[in-house]
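This document contains two forms of one protein chain, each encoded as structure tokens and listed individually as structure 1 and structure 2.
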Structure 1
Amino acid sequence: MPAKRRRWLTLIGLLGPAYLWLLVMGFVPLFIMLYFSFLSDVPLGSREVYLTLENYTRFFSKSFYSKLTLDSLLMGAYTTLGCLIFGYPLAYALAKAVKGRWQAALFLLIIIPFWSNSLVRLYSWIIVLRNDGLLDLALEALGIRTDSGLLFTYPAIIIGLIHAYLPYMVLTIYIALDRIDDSLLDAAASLGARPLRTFTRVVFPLSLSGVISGVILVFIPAIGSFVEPRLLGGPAGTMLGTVIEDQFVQVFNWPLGAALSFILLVIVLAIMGISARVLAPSAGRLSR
């Protein structure tokens, strides 16, 4: 057997199972849901089912869905911004400032959310944010008498989402920062660059790939979240994700739920595509 053909067979043997799994467990269900989005009803029993665009036209004909989509996008943007504000300094400390046992301790604090159930984390926040909760008790202990009442508000949703997705932002930025050679920072300092200029001209441009990866990993799942808005937001937590969940679980209108899901997917892909076109030239200029 020729060596080239043997290499191709080896490559297929190594990559084939992974791509087959991705096809069966990823793309096939996606195409099934796409087919469902064009149906008039769930094809179960003796129901009369036909192909229609009604599920998509309903989205564009009712301002209710447009408002929910905008609210969901803003929720994802606020969550991403919050994760970036809190995550970048923490990632920088892990990569450049903290070493030894303190670094291991910080890593442990970051990955602890991955070890706990999301419902446990959310109910913990309910205890903290509710009236006369831990937050109110802490403020009273400091002599500040207030009724925070953050539970079932929009800020409570953002707090819960930032807590859930902060590790993704920190770890991706940390990987990018850890790859930066410390000799580059020493060279910048020897040339007279102040710490702020070193950060803006050397550190941040070289870590931009990690920042973009973290933004994508946080923004995409955040806009479709439904557990945090439902438990922490109450009446203020009605988002497109909660409506989609209701269509599948409560209303049993799978075609409409599938259509809303694909509309949200197209919007996310469009935002990612536009962002890539805008950020690519900027990233190239910053890296020079």
Structure 2
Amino acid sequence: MPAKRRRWLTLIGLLGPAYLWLLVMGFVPLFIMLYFSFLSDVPLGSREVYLTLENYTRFFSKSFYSKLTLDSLLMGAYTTLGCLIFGYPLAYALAKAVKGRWQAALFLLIIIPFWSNSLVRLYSWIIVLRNDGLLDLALEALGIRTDSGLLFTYPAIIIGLIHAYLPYMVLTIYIALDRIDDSLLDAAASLGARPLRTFTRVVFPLSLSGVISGVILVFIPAIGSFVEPRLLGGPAGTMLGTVIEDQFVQVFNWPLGAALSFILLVIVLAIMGISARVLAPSAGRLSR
């Protein structure tokens, strides 16, 4: 067998199984979903089904859906902001204040809670946040008598989401910060820069790639989340994700659910497209 042909056969043998799987189970379904989003009804039995734009015109004509989209984007934005505000100092403390073996140990400590089931963690937040829950009891012990009444409110959703996605933010920022050579900081200091100036002019710009990756890794899943708003949000928890879930498990309006999913997909792809330039180098680093 000629060497060239043999090389191609090897390549196909190695890549074929994984990529065929990804193609058939990952990419093809998205096109089938697109097809379903143009149907008038679920094609079951002898039902008359025709192609229509109705699911999309419904989305763009009813203010309910534009508000829903805005709410979901805002939910993602608040979550991302929260993760950034709490996660950056944590990553910074880990990368620059902790040294040697402790760094690895603390890192493991941060990741371990995420080996418990994510739904159970959410449920624990219900026990913490509900009236007379653990939060109220803790506040009472401090002498503050209150019904915080946080459960089934918007802030409860954000707390649950921040808790779920904080590690992603910490991880990406930590990797970027860890790569900064400490001698750069010494150089800035010896040239007379105060710590704050060193941070704003040297450290932060150098960590920006990590910040942006973290923002994308948190924002995208947060706008598509449905479990957190469903379980923690009560009436405040109507989001794109929960409405999509309803179409598939309650209302059985699959075409509308497909259309909403496709709109969410377009939003996600747009964000990925905008950020591709920033993300591409880091993804390349991962695989090569």
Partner chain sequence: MGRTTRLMAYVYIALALIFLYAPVLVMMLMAFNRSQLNELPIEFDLVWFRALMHNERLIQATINSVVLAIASALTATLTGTLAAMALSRYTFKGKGLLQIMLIPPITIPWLILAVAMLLMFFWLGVQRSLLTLYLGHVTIQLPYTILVVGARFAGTDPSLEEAATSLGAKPWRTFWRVTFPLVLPGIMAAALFAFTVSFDNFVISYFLAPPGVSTLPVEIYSAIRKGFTPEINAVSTIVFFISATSVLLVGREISFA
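FYI, numbering is relative to structure 1, first residue = 1. As the structure is a computational prediction, the values presented were derived from the model and not from experiment. Definition used throughout: the rigid core is the maximal C-alpha set that superposes within 1.5 Å between two forms.
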message: Just to confirm, one of these is the form predicted together with its partner chain and one is not; which one is it?
response: 2
message: I want to check residue 44: does it shift between structures 1 and 2 by 2 Å or more at the Cα, with the core superposed?
response: yes
message: When the rigid core is used for the superposition, does residue 112 move between structures 1 and 2 (threshold: C-alpha shift of 2 Å or more)?
response: yes
